[in-house]
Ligand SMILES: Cc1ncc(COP(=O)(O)O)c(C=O)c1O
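So this first bit is one chain, no partners, the form predicted alone, shown in structure tokens.
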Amino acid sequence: MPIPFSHRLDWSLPANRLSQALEHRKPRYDLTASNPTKAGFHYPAEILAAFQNNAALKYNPDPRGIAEARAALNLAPHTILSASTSEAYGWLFKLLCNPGDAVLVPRPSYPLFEFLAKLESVEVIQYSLQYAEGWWLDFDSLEKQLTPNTKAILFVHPNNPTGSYLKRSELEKLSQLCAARDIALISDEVFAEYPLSPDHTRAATLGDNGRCLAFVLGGLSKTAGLPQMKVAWLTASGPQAGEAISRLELIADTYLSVASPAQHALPALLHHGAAIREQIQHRTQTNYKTLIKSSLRPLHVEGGWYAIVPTPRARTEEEWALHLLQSESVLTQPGYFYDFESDGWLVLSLLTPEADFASGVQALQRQFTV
């Protein structure tokens, strides 16, 4: 008999029609770009020079991360390094959940949480983000999903792909709810340094909210446009933050996954990565201005690297994505990739080079008005 593999990997992942079409046609204008290292940005030579550090030749592991690296982040004392935010999620699920426990995640959002949670035998339950001239957290939806087994509520700040930040009034209510029910709050803030407009009502961070145990995640992948360097971090605040970090230290000590060269280089990577971040900020803001000047009627975006446009009713969103690829050689993502609750949306990347983005927007306008 064959070996019965773990149910953690019982994922049904059939190829969708758009993926199948891409096997035979390479788009001219890719409006789905997510990798900054392939988006035409200038990377300073000092990035590579940062690894010419003799200290990296010695192995002196620290489960929380090398002290100099943590100090360069200038974050709260309760900070620990990981190789990625995905790994940090896995650690947090190990810390907070027993097998069969649940975490709440936003919908729509990036479809990674279900895979990460299932690998830890944790259930994912979705709550709704709603749109009315701007995105807002549907507390009725969230509270209906709570069970005695709910151990954490996840929020992405700003969310991917909606680009929405949690407002201060929403954070007050959310942190009260978490504190009252002894639920941890996990905030993924990897896109936090990419606002597209000022807003005095948004929360600066979901951490250190003064009420509940909260974890904030960040990483080089977005803050410096350096996903290949594999350094991320999480910070704990609130009640039991010290105990949480001590327990996370045990988990981190089991894996010791963050490479020493990357940790020693982190101060320089953060410093020189600022130039990459400025390029990304300029491009996302330029592309968003191009989009809002068009006739595509994009939903309001507050920050991040993505934007959402409604599709005409003549086709489903997947049909539109296929039609645009075939007729205009433009690649977009249908909304169901991100678990939108209704059909009729395309997700566009603001990371795409400006000329390609403008050409892609023009192509959408042509096809949507035919």
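When you see a residue number, it is the position in the sequence shown, counting from 1. Note that the structure is predicted; figures quoted are calculated from it, not measured.
Absent from the display: the form predicted in complex with the ligand. The rest refers to it.
*Asks:* Considering Ser175, Asn160, Ser237, Thr79, which brings a non-hydrogen atom within 4.5 Å of the ligand in the predicted complex?
*Replies:* Looking at the other structure, the residue within range turns out to be Asn160.
*Asks:* So the ligand isn't shown here. In the predicted complex, which residue out of Val122, Val156, Ala184, Leu269 has a non-hydrogen atom within 4.5 Å of it?
*Replies:* Of the listed residues, the single hit is Val156.
*Asks:* Check for me: heavy atom within 4.5 Å of the ligand in the predicted complex, for each of Tyr131, Ser164 and Trp345, yes or no.
*Replies:* No, none of the three is in contact.
*Asks:* Taking 4.5 angstroms as the cut-off for heavy atoms, does Ala102 touch the ligand in the predicted complex?
*Replies:* Contact check for Ala102: no, nothing within 4.5 Å of the ligand in the predicted complex.
*Asks:* When the contact criterion is heavy atoms within 4.5 Å, does Ser221 count as touching the ligand in the predicted complex?
*Replies:* Looking in the predicted complex, residue contacts with the ligand include Ser221, since a heavy atom lies within 4.5 Å.
*Asks:* Just checking whether Phe191 would be counted as a contact of the ligand in the predicted complex - the rule being heavy atoms within 4.5 angstroms.
*Replies:* Yes, Phe191 lies within 4.5 Å of the ligand in the predicted complex.
*Asks:* With the partner left out here, check for me: in the predicted complex, does some heavy atom of Thr85 sit within 4.5 Å of the ligand?
*Replies:* Output for Thr85 is yes: heavy atoms within 4.5 Å of the ligand.
*Asks:* Within 4.5 angstroms, counting heavy atoms, which one of the listed stretches 221-229, 246-254, 285-293, 199-207 is next to the ligand in the predicted complex?
*Replies:* Of the options given, it is 221-229.
*Asks:* Using a 4.5 Å heavy atom cutoff, which residues in 103-121 contact the ligand in the predicted complex? It's fine if the answer is none.
*Replies:* Going through 103-121 in order - heavy atoms within 4.5 Å of the ligand in the predicted complex - there is one hit, Tyr110.
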